[in-house]
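This document opens with one chain alone, in structure tokens, the form predicted alone.
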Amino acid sequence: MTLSIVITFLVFAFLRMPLAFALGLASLVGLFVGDMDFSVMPQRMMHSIDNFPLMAIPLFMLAGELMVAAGILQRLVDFANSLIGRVHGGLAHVAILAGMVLAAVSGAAVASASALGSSLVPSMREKYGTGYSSAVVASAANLGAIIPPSNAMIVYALMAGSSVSVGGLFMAGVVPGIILAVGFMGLASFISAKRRYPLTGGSLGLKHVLVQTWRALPILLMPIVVVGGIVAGAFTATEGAAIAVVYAIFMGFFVTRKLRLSDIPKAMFNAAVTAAMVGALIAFASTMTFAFTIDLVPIQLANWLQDFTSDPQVFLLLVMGLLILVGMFIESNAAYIMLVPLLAPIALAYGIDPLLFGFLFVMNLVVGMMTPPVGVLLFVMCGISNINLSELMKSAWPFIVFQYAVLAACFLFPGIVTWLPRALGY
């Protein structure tokens, strides 16, 4: 049964069928081969998506869409430009800082890439060229799945069960996220100075900085309120996402005064499309996971790995190598849904810290979003900037290499990941 599912899924995936439907058809074939009642499929699908934590994903997406419609992103750009716009790579730094703050609201890399790309690439390409500008924006957007709140971490925690909490995973991403952002800025400064890109932004003035800080302060408080409330246990991730939506609406109507009632249906539609895509993946994959469980695949895989190696570090390296390959070819949400139920219990059996394993799992797939041949962020930026992939990769590869370097550092020095969540009691 398992073999028929895998072969069917690979055939349909290589035929470029949407992965959700490829999962569904593969599951049907598996049920047929296993002579199982087809009524299992709708039952498993409904059970898998009838889950309160999943509501956080469309709500965080909606908050991000509302912030963009409300002109909040422009205030972030003005604030960042007042601080660092006059250094080498100033506009690139502005994009990275804006990406950090947007990441702390939307929780999704693709949404951040769309917002940042449409807002910043037109002005950046005049100073830096299209390839470099698009590479910087893609890197900044990739912070969305690392810096809390993260939709990827919500999906991982849901699939991993009670072994790891959403709040703990959120905190595990803080220090690596800051390291990534600072490293991106260092790369931007080095490349800009080496290529002698012109300085951007006005001269640094205390009054100007204070004015822009005051204008951006309500926006900068939003991630603190939302993420801080989740970590403190004041509300759940789903409730925090709902608060983020209300906060964004309040900001749009009463602070920036650029949000219109006519903007809300479009924002809700975009958030609903994302939620439907993730929901379909989870629903169809749940039947596949059920079939694997009936076929004892998790137990057989665990026994094979433990026979192959008893060293937890070797197991982690094997999983990371697998995820690098998976991230290059398979959409990340599909990878979480298919692989987390199989691999997370085995990691627990090896005695690996579930927070460390969860973060490394997520970051592997996050970096895969910028890695050819199927790096989804690369294709998003190619579409926004109207350039080809080879031109984008000429400028993107230093940022990709740096992300892999940070991933390796988190593997070698687990304290980078686990220190903050452990200090907070996770």
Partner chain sequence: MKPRAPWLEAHASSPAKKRFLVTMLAIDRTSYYAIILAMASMTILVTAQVFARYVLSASIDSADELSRLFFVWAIFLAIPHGIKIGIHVGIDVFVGLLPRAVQRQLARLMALASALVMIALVWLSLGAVADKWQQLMPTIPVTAAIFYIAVLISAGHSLLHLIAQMLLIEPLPSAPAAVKEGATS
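Fair warning: this is a prediction, and the values are worked out from it, not measured in the lab. Numbering follows the first chain given and starts at 1.
Below, we turn to the form predicted in complex with its partner chain, even though it does not appear here.
Chemist: Only one of I219, V245, A347, V227 comes within 4.5 Å of its partner chain in the predicted complex by heavy atoms, so just point that one out.
Modeler: It is V245 that has a heavy atom within 4.5 Å of the partner.
Chemist: Quick one: from D78, D295, E239, D353, grab the residue that has a heavy atom within 4.5 Å of its partner chain in the predicted complex.
Modeler: Among D78, D295, E239, D353, a heavy atom within 4.5 Å of its partner chain in the predicted complex occurs only for E239.
Chemist: Counting heavy atoms only and using a 4.5 Å cut-off, do A70, F250 and L259 all touch its partner chain in the predicted complex?
Modeler: Checking in the predicted complex: none of A70, F250 and L259 is within 4.5 Å of its partner chain.
Chemist: Is M268 close enough to its partner chain in the predicted complex to count, meaning some heavy atom within 4.5 Å?
Modeler: Although its partner chain is absent here, M268 would touch it in the predicted complex, with heavy atoms inside 4.5 Å.
Chemist: Looking at the partner-bound form in the predicted complex, is G279 within 4.5 Å of its partner chain by any heavy atom?
Modeler: Because a heavy atom of G279 falls inside 4.5 Å of its partner chain in the predicted complex, the answer is yes.
Chemist: Would you classify A272 as touching its partner chain in the predicted complex, given a 4.5 Å non-hydrogen atom cut-off?
Modeler: A272: contacts its partner chain in the predicted complex.
Chemist: Though only this chain appears here, would H47 touch its partner chain in the predicted complex if you measure heavy atom gaps against 4.5 Å?
Modeler: Heavy-atom contact with its partner chain at 4.5 Å: present for H47.
Chemist: Within 4.5 Å of its partner chain in the predicted complex, counting heavy atoms only, one of 396-404, 363-371, 382-390, 59-67 shows up; tell me which.
Modeler: One stretch meets the cut-off, namely 59-67.
Chemist: Even though the chain is shown alone, can you say which residues of 2-17 have a heavy atom within 4.5 Å of its partner chain in the predicted complex?
Modeler: Those in contact are F12, A13, F14, L15, R16, M17.
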